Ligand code: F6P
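A single chain, nothing else alongside it, follows as structure tokens in the form predicted on its own.
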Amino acid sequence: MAQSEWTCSLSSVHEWESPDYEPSLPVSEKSNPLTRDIDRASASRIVRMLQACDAQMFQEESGATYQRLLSEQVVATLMEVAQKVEIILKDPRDSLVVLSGCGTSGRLAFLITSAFNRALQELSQRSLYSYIIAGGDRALLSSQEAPEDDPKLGMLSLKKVCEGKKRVLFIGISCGLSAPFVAGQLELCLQHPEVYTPVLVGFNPPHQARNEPIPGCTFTFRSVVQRMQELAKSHKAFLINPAVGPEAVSGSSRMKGGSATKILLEVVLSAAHAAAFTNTPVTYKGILQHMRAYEKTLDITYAQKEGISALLEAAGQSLQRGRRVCYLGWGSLATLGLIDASECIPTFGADYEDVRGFISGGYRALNNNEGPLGPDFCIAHEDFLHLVLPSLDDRDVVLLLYTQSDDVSDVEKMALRVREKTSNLHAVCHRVEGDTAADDDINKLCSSSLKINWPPPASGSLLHMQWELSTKLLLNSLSTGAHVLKGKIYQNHMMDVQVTNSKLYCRATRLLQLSGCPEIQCEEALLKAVYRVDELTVDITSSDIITHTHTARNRTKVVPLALVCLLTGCSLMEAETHLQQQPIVREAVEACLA
């Protein structure tokens, strides 16, 4: 990075912490000063920007503005929650640990519970962890935004999972402290303290929790948080809510929000397992050491930034040409590929076919609650071979994701099959330094091959969790950067976001204020784009947000259309013509302004 760029980055690193910086927005929705012009950056500069944003997760507290990931209070709370899990592990009768969330948070709940249930099975213990995701298992693989707005559905799903249990540690994940689905579950916990101990994981301070009324409820997310704060004083509820800084693409909590969720919960559960099964007590130092291991993961991953930039460039070119990116993975790295692909649709307005993930072993390997999810969700390598491979050519990108622990001969077989159709084949492999696994033949088949070498581990399970985090960082960089290069971002805002729940509706209204128009005018423009009308009727203006978001599900380019209308005063039809002529959002906007 050039010296001038470093100086600029350093001055921007803490800018978001100023009380004057976007004061009306919670941290999780602010724009990041480090990425203001990411939509005009080259592939290599995008990767450097994302590295700088990810590094913000581990910054020390600067003054009293926000507690951070490594703050004393956060580490102390992680210790307490780990001790609660330890008690359940030592006496599991009628007990359960439940992780729940919406979107990315629910997908990570699934990933983490799967890993720790496997760890219990290896110790001949029965499974103690359950996950809940708003929208059910279909939400693991695609956007199911509407259930996020339903607190009663949240309550019902928690009751169902916990039927007959006398002691439940409930961990609700909501990066912005905003999801009504999770608010309903926390409310249920507060109503039944004899059974439930609630833990909330998020990345805004309590006073920034969402305070909008929830239809049909007497509580808001903020009122639930305030009650939890009171109970936290007597250790009957726990809040884990460090600030990790604004996302590289504003509001895209799949990135740092997801990574920090994974770090915090794995630190807690790993400490609890060590205490219960290896007589290693939960200590402040132990928690901190584990957190520092994840910080090292960032360094090891981004040491590969040249290779990541090349991958990002290739993926961006594929998407620009209207072609596709496919992740072919083994084990939990494949699950991360499935997760990353599923997030592109709501975040960037991507098509289902643009970025897809596939897992060796299909649903048997995924081992989700509901099993196979039908023909719309084909995720096995065999599905890729039958449904996708025949139509591939050199304009498509295929990325292999594996580790030294996987069946390298199987990876090679798949590489050979793909190479028959496209030379645009790439690989990411994690291995321990000094390992000489015979994967040279795979390298020869690939246009590029990232070999990420790791120091010999103190713990095999920690190493695997580091491999997962590294893969998540890499895939998030790849898919975000590729969509930036495709023109899906305006400055550092996800302008082509799907407006399919109340959180995204509010975000869309805020995005439109970039036009300089007042909020009420922005909301009117949004509704015109949703309903595809140039004049709003009384029926439309008197409908509630749920009706608006239901209608928006079948619409594309809602926010870009509304923005062009606001900036030019043109009709919707004229705005559509502008965007057809110039699909890159920033350039369409600038053409309008000119």
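Computed from a predicted structure; not experimentally measured. Residue positions are given as counts along the sequence shown, with the first one as 1.
Keep in mind that the form predicted in complex with this ligand is not shown, yet the notes after this line are about it.
- In the predicted complex, no heavy atom of Asp439 sits within 4.5 Å of this ligand.
- Residue contact with this ligand in the predicted complex: Ser174 places a heavy atom within 4.5 Å of it.
- In the predicted complex, this ligand sits beyond 4.5 Å of every heavy atom of Gln185.
- Using a 4.5 Å cutoff between non-hydrogen atoms, Thr104 counts as a contact of this ligand in the predicted complex.
- In terms of contact with this ligand in the predicted complex, the residue from Asp406, Glu145, Asp150, Glu86 that brings a heavy atom within 4.5 Å is Glu145.
- Residue-level contacts in the predicted complex: of Asn476, Ser253, Asn424, Thr301, one residue has a heavy atom within 4.5 Å of this ligand, and it is Ser253.
- Annotated contact segment (heavy atom within 4.5 Å of this ligand in the predicted complex): 501-509, selected among 501-509, 88-96, 230-238, 484-492.
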